[in-house]
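Shown next as structure tokens: one chain only, the form predicted alone.
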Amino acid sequence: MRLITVAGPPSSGKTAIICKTAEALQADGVSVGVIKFDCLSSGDQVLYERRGIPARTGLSGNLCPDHFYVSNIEECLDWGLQSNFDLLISESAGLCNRCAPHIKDVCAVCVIDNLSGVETPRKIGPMLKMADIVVITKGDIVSQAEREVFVHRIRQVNSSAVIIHVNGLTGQGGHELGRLLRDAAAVDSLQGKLLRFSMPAALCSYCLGQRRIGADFQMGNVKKMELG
């Protein structure tokens, strides 16, 4: 099974992009599941299930969503394997630009809004700078010059990523993104794998710089989600 981490600022279009891409993958016979991480509330699971995409939601409450994510992603991978998905997509809450949800050797996607301003790429930390694929949304309502400047600014902070434009309303570009995700490396376990960058500071072992995934490395303020 392939695991994909999708991150990005709030309201950048992550859910819409995942829906369109998952529909394109399902049309090609690929089974897709989604794990949604959010903070206080989320109705995205209903949106996914309306489209026939199995989904689970985890709410971090008063905890940093990134820390909640890394404490639960291993169990989420197990759920995906037990469900026999070909591809499992993890969507992060993306509440702060210091988020660092990407994992070494796991395909990492960052979704960024073309309307957020040309300086935005410089303000976003590891979730953009360490992504393998950068998806630009809402590029259809800005000029060609603005799109090119925005891509240039992304290249300045991440020169190695594949950059594509995807329309979350029409699905244009979703098939191409799906092809890239299908080419990602398979992941059978996250035990002992490393985050690509340390988490923002908080009140658990990961706050102190821990990057290994697994229950043996989780200490302090850890909250588990109910997968059912």
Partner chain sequence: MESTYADMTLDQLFGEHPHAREFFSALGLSSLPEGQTLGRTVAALDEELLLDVGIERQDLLGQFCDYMAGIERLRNQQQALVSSVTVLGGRDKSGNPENFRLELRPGEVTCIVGPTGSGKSRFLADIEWLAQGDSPTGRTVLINGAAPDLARRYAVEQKLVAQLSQNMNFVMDLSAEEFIRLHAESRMVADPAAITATILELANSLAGEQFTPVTPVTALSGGQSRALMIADVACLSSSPIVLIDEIENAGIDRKRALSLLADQDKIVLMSTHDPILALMGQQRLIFKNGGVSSIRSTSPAERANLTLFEEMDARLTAVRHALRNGEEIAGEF
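Residue numbers count along the first chain shown, from 1. If you're wondering where the values come from, they're calculated on a predicted model, not measured in any experiment.
Below, we refer to the form predicted in complex with its partner chain, which is not included among the displayed structures.
Stretch 159-167 is the answer when you ask which of 41-49, 185-193, 159-167, 59-67 has residues with heavy atoms within 4.5 Å of its partner chain in the model of the complex. Candidate site formed by Ala55, Glu75 and Leu81: none of these residues places a non-hydrogen atom within 4.5 angstroms of its partner chain in the model of the complex. Although the partner is absent from this view, Asp105 stays clear of its partner chain in the model of the complex, with no non-hydrogen atom inside 4.5 angstroms. The closest heavy atom approach of Gln172 to its partner chain in the model of the complex falls within 4.5 Å. Although the partner is absent here, Leu180 lies within 4.5 Å of its partner chain in the model of the complex, judged by heavy atoms.
Taking the partner from elsewhere, Val151 is found to have a heavy atom lying within 4.5 Å of its partner chain in the model of the complex. Shown here without its partner chain, the chain has Gly139, Asp140, Ile141, Val142, Ser143, Gln144, Ala145, Glu146, Arg147, Glu148, Val149, Val151, His152, Arg153, Arg155, Gln156, Val157, Ser159 in 138-159 lying with a heavy atom within 4.5 Å of that partner in the model of the complex.
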